[in-house]
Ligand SMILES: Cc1ncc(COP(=O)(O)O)c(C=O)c1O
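Okay, here we've got a single chain as structure tokens, the form predicted alone, with questions on binding and movement later.
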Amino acid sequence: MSVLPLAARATGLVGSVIDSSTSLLASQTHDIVRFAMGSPAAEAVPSAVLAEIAATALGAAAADAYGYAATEGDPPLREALLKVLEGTSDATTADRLMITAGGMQGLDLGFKMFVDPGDLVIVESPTYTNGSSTALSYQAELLEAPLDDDGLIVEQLPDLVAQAGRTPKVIYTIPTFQNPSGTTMSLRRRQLLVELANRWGSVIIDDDPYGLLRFEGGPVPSLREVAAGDPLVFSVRTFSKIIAPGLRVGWVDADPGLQQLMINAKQAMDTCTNLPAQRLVAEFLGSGALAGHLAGLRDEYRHRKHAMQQALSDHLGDIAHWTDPQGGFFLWVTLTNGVDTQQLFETALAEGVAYIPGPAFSASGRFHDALRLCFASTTPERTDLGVRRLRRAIDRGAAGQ
């Protein structure tokens, strides 16, 4: 039988444990409390409003909503988005804006344009490995950098780079309510990161899906604002966490000199972002509904975070500690009793609770003592049930050691 002549880069195509959990959970027949996917709860999606918008924006009189769109984005959405961003830390201009098929396409565009085989890419550790896997798909070499309560420890990057013996081509960071840790990079570190990028000529891929979901504490300027339009900052955003993930609509804010190159790259991917979805988002933004929707999400997610922390205190307080994010979706939980969270996963699933094990957030498979829990997608009652199930699984795992 013939052997398929795969490209060399095919060996660097790494699947996502996070995304695969969707299929895994769909195959289960018993009740499971789902802390795994970083997704809004079904009740957090403004489905009634979107359905009402669809009746007009996508109705029989809107035949043009089903054609091709401009690659850089449908004009109504671009205009609505620019208005919504006015006065925020992500305020921008039309020549910097590209509408994408979700945040992941924005990351793909960034790594496609900036990474050559063998280039060094700094990634946070732990990090969103869908992002680092995209870098690997372009044959990058990853350098993991640690986090603390103030996000990426930027002060350690010069030493890490010196040890690597070369400067990074790209620094990939999730600066606000980081996935999976929930931590936020301090302002001073953001400033230092931009300084280092300029010293090394490195591009910062600034992945910020959660910045509009701050429910506690004071705001921190985005890297986009800190850099004041510096061409080395490539900012990726999405509507997946704030409206609905199934729409697959996001945007990139980048130096105007990259606009045509991004158009060229995107035309080789999908020609244009789904036009009906763009029209839905444009009408949602244009109606003024986003502000009230976000206010409701922030209140609810604050409540759900506190509920999860209380459940963890009640049921895991003697064997674990966890982060205290001021926004976003996630808690990062570290066990102190020696249980391996990757080995524990099947036991936990059998007990009726799903999470993402720590090694899924490290290219080198670190963090066997940690796990990520999404508090955004479950009610307080279900959260308490899920954490109780998790404790039962941990006790079973500890007994089997």
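Start at 1 and count along the sequence shown; that's the residue number. Keep in mind that what you see is a predicted model, and the values were worked out from it rather than measured.
The next section is about a form of this same protein that is not shown, the form predicted in complex with the ligand.
Taking non-hydrogen atoms only, residue 211 never approaches the ligand to within 4.5 angstroms in the model of the complex. For residue 331, no non-hydrogen atom is located within 4.5 Å of the ligand in the model of the complex, even though that partner is not displayed. Under a 4.5 angstroms non-hydrogen atom cutoff, the ligand in the model of the complex has residue 241 among its neighbouring residues. Within 4.5 Å of any heavy atom of the ligand in the model of the complex lies no heavy atom of residue 181. Distance criterion of 4.5 Å from any heavy atom to the ligand in the model of the complex singles out 107 from the list 254, 171, 280, 107. The partner is absent here; in the model of the complex, the one residue of 103, 73, 325, 126 having a heavy atom within 4.5 Å of the ligand is 103. Exactly one of the stretches 110 to 118, 132 to 140, 224 to 232, 241 to 249 approaches the ligand in the model of the complex with heavy atoms within 4.5 Å, and it is 241 to 249.
If you take 139 to 158 and check each residue for a heavy atom within 4.5 Å of the ligand in the model of the complex, you get nothing at all.
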